[in-house]
Every structure is written in structure tokens, then in C-alpha cells.
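Only one chain is given next, in C-alpha cells, and it is the form predicted on its own.
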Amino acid sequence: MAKKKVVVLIKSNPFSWKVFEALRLAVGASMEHKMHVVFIKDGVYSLTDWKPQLIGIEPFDKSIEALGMMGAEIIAEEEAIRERGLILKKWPAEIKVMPKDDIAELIKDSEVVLSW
């Protein structure tokens, strides 16, 4: 199977199972495809230094690290970070901050988009 350009778009807040499962799917799919994991809107809260284990959610650190090792691109929406006054946590992989117009182009150019 030919590699496809895949975007996993995370727009939900991190306070449920959605982000954990989206990242798990992205790690698995990154073995076969060119993966872009994009955090927009409330999804950017996932990239802050919150403590998910306090509410019974697995931390995302291992998934982010695995994505980095697999060559996936991890992106956070610049405007969403600024509007919410957030500071991103130091992650074990590079997090690129991009304006939403560039993110829109990335999505437009992708072959598969999975929205969470």
C-alpha cells in the first residue's frame, strides 16, 4: 500500500478518552503513512502541563514521544494557544506552532483527515 498523507485533527479538550485514542491511532497509522497530528481549538489544552492522571486519564507523553520517533509532525494552532493564553509543556518530541491558514492548507493537501 502506498503511503498516504494523513492528518489526525484533535479539536476536543483532553478531559475524556478522545485525545488518548486519537494519539494511539496516530501512532499505529504512522508506521504506514505520513502522519500529521494537529491540535486546534480546545485540543491545544492537551499540550499544556496539566495532570491527566489526577482525573484517571493516561498521560500522553509516551504517545507524543512515539510519534516523534516515527517521524510524525505534531502541530499546534498558534491562534488557539494565544486566545487561551496557554504555555505549551516541554514534550519529548518537537511541537510545531502554526497559524490556522497554514493548517488549513495542510488539511486541504491531505488524502485522509480524521477528526476527534
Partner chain sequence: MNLLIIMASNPYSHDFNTVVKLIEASLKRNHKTKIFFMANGEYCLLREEIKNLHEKGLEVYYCAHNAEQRKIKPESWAESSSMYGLAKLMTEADKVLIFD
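Positions refer to the first chain, counted from 1. These numbers come from a predicted model, not from an experiment.
Unshown form predicted in complex with the partner chain; subsequent notes refer to it.
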Touches the partner chain in the predicted complex: V97 (any heavy atom, 4.5 Å):
no
Any chance A29 has a heavy atom within 4.5 Å of the partner chain in the predicted complex?
yes
Just to confirm, I55 within 4.5 Å of the partner chain in the predicted complex by heavy atoms?
yes
Non-hydrogen atom contact H33 with the partner chain in the predicted complex at 4.5 angstroms:
yes
For the stretch 85 to 116, I need every residue with any heavy atom inside 4.5 Å of the partner chain in the predicted complex, listed N to C.
V112, L114, S115, W116
